[in-house]
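For this one, two forms of the same chain are given in structure tokens, first as structure 1 and then as structure 2.
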Structure 1
Amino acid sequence: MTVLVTGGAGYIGSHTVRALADAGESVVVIDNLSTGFSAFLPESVPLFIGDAADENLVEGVIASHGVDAIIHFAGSIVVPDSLRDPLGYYRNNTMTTRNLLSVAVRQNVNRFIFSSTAAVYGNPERTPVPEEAPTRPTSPYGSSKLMTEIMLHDVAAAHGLKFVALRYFNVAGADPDCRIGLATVGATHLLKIAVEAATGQRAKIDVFGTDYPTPDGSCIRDFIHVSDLAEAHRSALAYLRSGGQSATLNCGYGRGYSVIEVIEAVRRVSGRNFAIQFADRRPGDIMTMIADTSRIRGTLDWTPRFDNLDAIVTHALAWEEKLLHDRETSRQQAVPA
């Protein structure tokens, strides 16, 4: 039994590959390396460089490796980009999954775990948000993921496939052993920006909006440590293998921190008092996004290990320092003697 992980060289994908490999699973990865890094994979895991939409490639990998389950991460994830290029997002997210599913059906691979997102909810009427809340995405990114969820329901009904769609809230942190982390250049995520400021790579951080009707006026998010999210995938796989029914599950901790609280945590943990600038609201931002986690806790055998903002910050900071150190070392090596 081998698990095919698409996008396994990316941020969340590579943490999941590690979690699976550490648990003794046989894993094979397809990744086009557009945002991923082959060095993020353990040596024991074969990497096929190519597109998850390439049916011939996927078919060959499934047949040659005895694949019994697919975990599908490959896709595009930048919300503002999706507003500029909706068709690109429908291609990379919705159409790619359609191709992948058609191979899965043909090859009788009937366990499928899908990276979905809290963006399918749009602006929630109330928080914590349960899975049955209305889905009204406000970006092509969210729509492309919601369309894929709908497709999964239909394929499951027609072909007996069982799926788990995991709706991620705000994913952050890095491998506690500092082997892998978020290495995307130009990432816009709050915690990434904050640790870049703490390590001197930015002069300051902007707080987008301080006039929201929240306790300190800034937005509130539910941050989940990437290693806990990886474990949720491993647990979802065990659930499907033991005969579990298809399920759509929120992935968060069910607790919110404000933007200002996150920045203060980075200042405290790093001991570096970088500048904070209060700025206008960022267009399109949702005020408060917190997961109702009752369903995932009742469905999967999953106990988060890092439900602690300081732990998330500590690991994100250690990873950022490592990235900086590695970059510095390669720059020095590039200078002729």
Structure 2
Amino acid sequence: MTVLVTGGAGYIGSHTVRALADAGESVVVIDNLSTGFSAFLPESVPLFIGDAADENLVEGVIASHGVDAIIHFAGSIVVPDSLRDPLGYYRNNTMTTRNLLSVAVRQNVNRFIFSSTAAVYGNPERTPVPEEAPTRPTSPYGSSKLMTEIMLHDVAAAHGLKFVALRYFNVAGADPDCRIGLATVGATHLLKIAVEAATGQRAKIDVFGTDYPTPDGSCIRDFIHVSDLAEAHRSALAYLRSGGQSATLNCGYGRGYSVIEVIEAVRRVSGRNFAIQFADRRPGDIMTMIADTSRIRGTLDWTPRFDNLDAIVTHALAWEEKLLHDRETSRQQAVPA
């Protein structure tokens, strides 16, 4: 049995591929490497460079590797970009998944794990937000993911497919062993930007919105360590293989930290100060988003290991310092003798 991971060379995908490979799973990856890195994959994992929307490519990989389950990460994830290019997001997120599901149905691959998002909730009426809360996305990014969830329900009803849709809250951190982490140039993740500021790569960090009705005026988010999220995918696969029914599950810790609290944690852990610039709210941003995690804890065999903001910051900072060291080493080696 082999697991096909689309987008498996990206940030969350590569951590999940590592978790699966470390557990002895047979894994194959399709990634167009637009934001992923082939070097992040274990040598034992075959990589097919291409588009997850390419039905011929996907069909060939499934047939030649005996794929029995798909974990689907490939897609676009930046909320402000989705407001500027909604059609691009509906193509990359919704239409790509439609093509992937079409192949899965034809090839009788009936286990599917989908990378969804808490953005499907929009601004929730209450927090922590449960899975049955109304879904009112405020961005094309959130809408594109919600459309895919609807499609999953319909395909499951028509073709007997079983799925787990994992609604991510704010993913952060890096592999504790510093093998992989977030390396995408221009990444918009708060913690990534903060550790870049702490390591001198940015002159400042912008805080968008200081007038929200929260304790310090900034947005509040539920941050989950990327390694814990990877383990949630591995546990979801085991759940489906054991006969589990389709499920939609929040992926967070059930506690929130404000943007300013996260910045202060980076300052504290790094021992370095850096400038903060306060700016207006951004369109599409959500005020407070904290997960109700009772369903995932009751459904999957999953116990988080890194439910601690300082641990998340420590791993993100160590990875950023490794990236800096590697770039400096490469620069020195490139200088002619």
Ligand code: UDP
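Residue numbering: sequential along structure 1, first residue numbered 1. For clarity, every value in this text was computed on a predicted model and none was experimentally measured. Between two forms, the rigid core is the largest collection of C-alphas that superpose within 1.5 Å.
Matching each structure to its source, the form predicted in complex with the ligand turns out to be structure 1.
Once you line up the core between structures 1 and 2, the Cα of Gln277 ends up 2 Å or more from where it was.
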